[in-house]
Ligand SMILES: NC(=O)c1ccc[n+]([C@@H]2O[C@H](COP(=O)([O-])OP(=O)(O)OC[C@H]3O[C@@H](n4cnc5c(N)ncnc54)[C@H](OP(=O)(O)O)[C@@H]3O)[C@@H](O)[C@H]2O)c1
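Quick heads-up: it's one chain on its own, the form predicted on its own, in structure tokens.
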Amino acid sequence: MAAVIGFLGAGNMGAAIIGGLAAVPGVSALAYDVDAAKTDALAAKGLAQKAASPEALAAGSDYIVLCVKPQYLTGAMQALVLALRPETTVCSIVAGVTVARLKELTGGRCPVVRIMPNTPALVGAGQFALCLDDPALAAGQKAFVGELFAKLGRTYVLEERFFDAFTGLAGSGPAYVLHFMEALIESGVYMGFPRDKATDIVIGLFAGTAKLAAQSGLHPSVLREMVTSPAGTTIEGLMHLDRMAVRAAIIDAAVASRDRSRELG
């Protein structure tokens, strides 16, 4: 694996990806952002070299990762597109921008990849949907993109038609988990714990439970049954959640997020 990865945009997600790739042998980062302080900070840490302009970024990169906000993408691409080469691969993490739209923005000059990340990528535990549907992508380019983002978490190669569903499940999913965490923290405070102690308990609860689910090899339903004794405290709490239709509300939330993603796309 050897390549120069260019980043158009060096905000939170762009900087997180750059930081995650810093230890990958043979890979170096080049970054451009209209806010020069962001690229200055990355350069000072030795994580990326600064590109003087979008054109310089395109000219010096083998792969380009688009990390700008959707409303700025068209303008940013106008400065970038003329310097694109056929052997360059453009990867976009910009929400709602389809492969067809990426092909328009690049003028068909090079292959494109659509990527949907989620925020745990900020700590190297992200989930990335990769759309490799562009017929112009070579096998080597597909493999490289998959290997690259696997360094930052887990990757899933999906047809583009599944991207809205991935958004509803994994893209928005961290917010659902954090929402539930907040509720449990409040329950701890209500029952008398100091807020900092309740927060520590709940964060440890989620971290430990996720580790158990990942390493046990058992389905979450089996793990849930293991802690649910007949006529015990856990079944009492679970029955209340079921009476409140919490399971159905969670499912409806993911579907609503998927549907909103469709509307925005």
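Position 1 is the first residue in the sequence shown; the rest follow in order. From a predicted model like this one, the values you see are computed outputs, not experimental measurements.
Although it is not shown, the form predicted together with this ligand is what the next lines describe.
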{"item": "Among the candidates 162, 156, 176, 72, the residue which, in the model of the complex, approaches this ligand to within 4.5 Å (heavy atoms)", "value": "72"}
{"item": "Of 203, 59, 34, 235, the one that lies within 4.5 Å of this ligand in the model of the complex (heavy atoms)", "value": "34"}
{"item": "Proximity to this ligand in the model of the complex (heavy atom, within 4.5 Å), stretch among 103-111, 86-94, 187-195, 142-150", "value": "86-94"}
{"item": "Residue contact check: residue 13 to this ligand in the model of the complex, 4.5 Å heavy atom", "value": "yes"}
{"item": "This ligand contact at residue 116 in the model of the complex, heavy atom, 4.5 Å", "value": "yes"}
{"item": "Residue 131 within 4.5 Å of this ligand in the model of the complex, heavy atoms", "value": "no"}
{"item": "This ligand contact at residue 64 in the model of the complex, heavy atom, 4.5 Å", "value": "no"}
{"item": "Non-hydrogen atom within 4.5 Å of this ligand in the model of the complex for each of 9, 38 and 68", "value": "yes"}
